[in-house]
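Only one chain is given next, in structure tokens, and it is the form predicted alone.
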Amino acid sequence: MSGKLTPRAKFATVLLRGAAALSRATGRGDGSVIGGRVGLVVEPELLNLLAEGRGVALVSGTNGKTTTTRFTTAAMEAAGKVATNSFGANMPTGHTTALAKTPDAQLAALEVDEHYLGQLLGATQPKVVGLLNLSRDQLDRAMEVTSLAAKWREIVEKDIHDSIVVANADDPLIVWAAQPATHIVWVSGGQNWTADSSICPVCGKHLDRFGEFWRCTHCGFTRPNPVWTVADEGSAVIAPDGSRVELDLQLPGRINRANAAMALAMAAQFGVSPHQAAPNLSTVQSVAGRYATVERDGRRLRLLLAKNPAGWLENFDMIRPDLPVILALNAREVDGFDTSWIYDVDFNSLRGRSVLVTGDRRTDLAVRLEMDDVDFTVVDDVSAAIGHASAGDVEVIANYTAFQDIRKEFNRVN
């Protein structure tokens, strides 16, 4: 950070920290949002001033932002102290607080809401921008996905100049959005959800797919060659020099190996070798409660977050066979009130399991499961669901506020 904060910026930072501390002391949350809001009211340029002089990495995408930011932070810490908002708060108020809390960090890894990417580019002048994926989200809360890809492409054309873009080569929408950048590093980790990228974003014709490879036979738009890849076998990432970087991740699933590949590729732009950074990734055991295990009455519950069709599909891919599953669905303001997206989720893989359904919109979810011939039991809340589950391991998948309700039930487990 620049050591030349104006007196007004210093005053704003003091007020920011005070507001955040008061929020924590009164049990109203960690204070990231209110602190940043107070600081930016006093000094509207505070985010820019706090970011000045730091090496900043931004991480954005529909799914995996928080986990990839946590991995990137761990990887970059091999080069020095890192300021981060890796517990969430991914709008400018949260970014401002994250930077104000760690004034002595010369590096920063910041998760960015998809709709604020342009604003953060202007405010932080990042060295690296990680673009993970784009898929449909709740339509009453998020922009239609192709429109968002077009917005990102416009941002890249206008606002990314010297920044290095680290981008997912397997997602055609990401490739199209990132293409105008001058410096691009392509990463491949595989992609389960392809329903939003069956049409060529350039010409509108059908895309052909062959495993991870994709191309448009009409206009020639095709998957670029990735220089970072997730290994086909075992748990490793293949670096640009062809060396195999073994991972010992505590987080499950193919998607987290892909997130780790993105993190290593981003950290490498700061001079951190993947072999130096990889051991740090094993220190990440849960992310704001995601993947955490909690126990009650002889049940061990693993908590998984899924907010949209792609997220639910990835979670179905990582849950362990034959275990009971608790599904929780809310539809509050931050979730989006429209639950029609659950009709884009394929629940067939849950057939034959013990499935318990809860949350504010449990009956909506029950109707959807019935359509896929999945047997289930509807219960009032997570306590009742635990009581109905058999003893032993249980998988829990919940959307955002349902997940927060469950965290609260277990004393805000991290």
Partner chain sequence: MSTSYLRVVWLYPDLLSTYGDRGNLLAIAHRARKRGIEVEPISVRSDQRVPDQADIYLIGGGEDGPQSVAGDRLIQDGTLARAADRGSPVLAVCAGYQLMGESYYASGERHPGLGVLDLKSDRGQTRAVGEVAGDSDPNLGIGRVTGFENHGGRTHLGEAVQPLARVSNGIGNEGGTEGAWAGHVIGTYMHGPALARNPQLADLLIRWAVGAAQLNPLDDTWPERLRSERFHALMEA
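Residue numbers count along the first chain shown, from 1. The structure presented is a predicted model; accordingly, all values stated were derived computationally and were not measured.
The protein also exists as the form predicted together with its partner chain; that form is not presented, and the subsequent description refers to it.
Enquirer: Hey, of 332-340, 119-127, 93-101, 260-268, which bit sits against its partner chain in the predicted complex at 4.5 Å between non-hydrogen atoms?
Expert: Comparing against its partner chain in the predicted complex, the contact stretch is 332-340.
Enquirer: By the heavy atom within 4.5 Å rule, which residue out of 249, 139, 227, 79 makes contact with its partner chain in the predicted complex?
Expert: Going through each option in turn, the one that passes is 139.
Enquirer: Identify which of 372, 45, 381, 30 has a heavy atom within 4.5 Å of its partner chain in the predicted complex; exactly one of them does.
Expert: Residue within 4.5 Å of the partner: 372.
Enquirer: Please tell me whether the candidate spot formed by 65, 87 and 114 is one where all three residues come within 4.5 Å of its partner chain in the predicted complex (heavy atoms).
Expert: Looking in the predicted complex, the three residues 65, 87 and 114 all stay beyond 4.5 Å of its partner chain (heavy atoms).
Enquirer: Would you check, heavy atoms only and a 4.5 Å threshold, whether residue 206 touches its partner chain in the predicted complex?
Expert: Residue 206 belongs to the contact set for its partner chain.
Enquirer: Report whether the minimum heavy atom distance between residue 366 and its partner chain in the predicted complex is within 4.5 Å.
Expert: Judged by the heavy-atom cut-off of 4.5 Å, residue 366 is in contact with its partner chain in the predicted complex.
Enquirer: Should residue 199 be classed as touching its partner chain in the predicted complex when contacts are defined as heavy atoms within 4.5 Å?
Expert: Contact with its partner chain, yes.
Enquirer: Should residue 54 be counted as a contact of its partner chain in the predicted complex, where contact means heavy atoms within 4.5 Å?
Expert: Outside the cut-off, so no.
Enquirer: Can you list, in sequence order, the residues from 346-361 that come within 4.5 Å of its partner chain in the predicted complex, counting heavy atoms only?
Expert: The stretch touches the partner through 346, 361.
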